[in-house]
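One chain follows as structure tokens, the form predicted on its own.
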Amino acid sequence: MRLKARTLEALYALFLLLPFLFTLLVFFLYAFLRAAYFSFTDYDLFSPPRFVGVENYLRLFREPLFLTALKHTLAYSLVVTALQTLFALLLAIALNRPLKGITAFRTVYYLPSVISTAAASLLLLWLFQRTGLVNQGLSFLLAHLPHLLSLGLLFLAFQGAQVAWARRRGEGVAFFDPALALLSLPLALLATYALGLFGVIGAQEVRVEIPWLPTTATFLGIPYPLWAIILMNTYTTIPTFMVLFLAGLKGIPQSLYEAAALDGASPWVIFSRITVPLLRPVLFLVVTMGLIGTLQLFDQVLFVGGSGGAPLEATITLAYYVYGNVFPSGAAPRVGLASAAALFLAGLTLLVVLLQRRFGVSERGWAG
């Protein structure tokens, strides 16, 4: 029996799709259905599941740790998504210029995205230890604060004097003219060194030992350890989104920029009226991927909480809450509660993305 060409083509397509369909059915659909079933039961992996209705969902909102995880997850998602989108866009615009050696710059700026999560977490622990580089840097800055203030004031004085002299001769120069700053800066450095040499200003002994990780102290309502994770995650995800923005910038016709320049448009007008509107599809993709990725934060919480000694209440997120209930230390697993939390996280992710698409930036433009 000979098969028709269309039937044979469909069989080939199905054969090529089999690995993806198998993964989708086993690791997504089957897992989702099992989690949905367990979320309505009281199950500890050792006894048969007992149906409890929606008790697990109601119990979630009576647990202080779950509410803390929900607050941390939303705060982390909003802050990281905003920071990584903004800095990735600015970096892409900076690297989209025809500069000499631009390929090398793009490669260097992309390197942080290839760092594994474990390596990035270990680097984070090293930076934010009590005697780590962050505290040492703050100690150095505070110890030499008189020098820094003196340098700044002297620079402004020399720069102001040069600008005043140039304007008196009829030259229209800006206050922060780069050519004049090249002379003002070394003069300010020499004057600051002289003041230190004659004992007018001197370094103080300052030792900063802020416990960034083993603490529950907060800044703007977010615990210090979570801020450390925010900084590290933003640093490692910016390059990936920078590449997406670069691809979008390459698709904007240069004739639009040339026409705007001929009309005398300022850089801000060009950015806000041409670049950002034409990048809306890429912005939608970046914001959506950022929200989905940040709402599922887990591995860095595990590393910082385990190896870094950060309190659970300061770093816990919804994904880690699910893990902690399935694999608790020295207690019976609460699979039903963890399944309810996992489904809540899935629903929350879908809701946030839909709200962002409805009221934020969509693939066709700004919604609302």
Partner chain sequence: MNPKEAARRRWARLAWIYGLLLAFGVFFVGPFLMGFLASLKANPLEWPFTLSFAQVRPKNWAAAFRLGGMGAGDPWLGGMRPGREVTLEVAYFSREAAPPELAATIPRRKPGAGMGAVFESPYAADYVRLTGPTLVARQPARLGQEEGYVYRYRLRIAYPGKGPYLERVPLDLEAPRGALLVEATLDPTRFERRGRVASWDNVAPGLLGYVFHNYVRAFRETRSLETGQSLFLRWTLNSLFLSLVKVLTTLVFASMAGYALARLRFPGRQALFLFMLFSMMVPGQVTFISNYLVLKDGIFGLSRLFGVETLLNTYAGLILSGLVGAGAVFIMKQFFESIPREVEEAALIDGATPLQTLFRIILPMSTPALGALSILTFQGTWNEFFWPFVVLTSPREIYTLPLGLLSFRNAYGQVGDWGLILAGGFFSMVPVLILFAAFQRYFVEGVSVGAVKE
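Residue numbers count along the first chain shown, from 1. Computed from a predicted model, the values in this text were never measured in an experiment. Throughout, rigid core stands for the largest set of C-alpha atoms superposing within 1.5 Å between the two forms.
Omitted from view is the form predicted in complex with the partner chain, to which the following refers.
The candidate spot formed by Leu244, Phe298 and Ala346 lies fully in contact with the partner chain in the model of the complex, as each residue has a heavy atom within 4.5 Å of it.
Think of it this way: in the model of the complex, the partner chain has a heavy atom of just one of Leu195, Ala143, Ala75, Leu285 within 4.5 Å, and the residue is Leu285. A single residue from the set Leu187, Leu151, Leu180, Ala260 has any heavy atom within 4.5 angstroms of the partner chain in the model of the complex; that residue is Leu180. Interface residue remark: Arg34 is counted as part of the site for the partner chain in the model of the complex, having a heavy atom within 4.5 Å. At the 4.5 Å threshold, heavy atoms of Arg97 reach the partner chain in the model of the complex.
In the model of the complex, the partner chain sits within 4.5 Å of a heavy atom of Phe303. Remark: Ile238 counts among the residues lining the partner chain in the model of the complex, judged by a heavy atom distance of 4.5 Å or less.
The stretch among 216-224, 270-278, 230-238, 195-203 whose residues place heavy atoms within 4.5 Å of the partner chain in the model of the complex is 230-238. Residues from 7-26 that approach the partner chain in the model of the complex with a non-hydrogen atom closer than or equal to 4.5 Å are Glu9, Ala10, Tyr12, Ala13, Phe15, Leu16, Leu17, Pro19, Phe20, Leu21, Phe22, Thr23, Leu24, Val26, in the order they occur in the chain.
The Cα position of Arg167 differs by 2 Å or more between this form and the one not shown after fitting on the rigid core. Here Gly221 does not count as shifted, since its C-alpha moves by less than 2 Å between this form and the one not shown after the core is aligned. When two forms of a protein are overlaid on their rigid core, residues whose CA moves 2 Å or more are considered shifted, and Thr236 is not one of them between this form and the one not shown.
Between Ala259 and Val173, the C-alpha separation shrinks by 3 Å or more in the model of the complex, relative to the conformation displayed.
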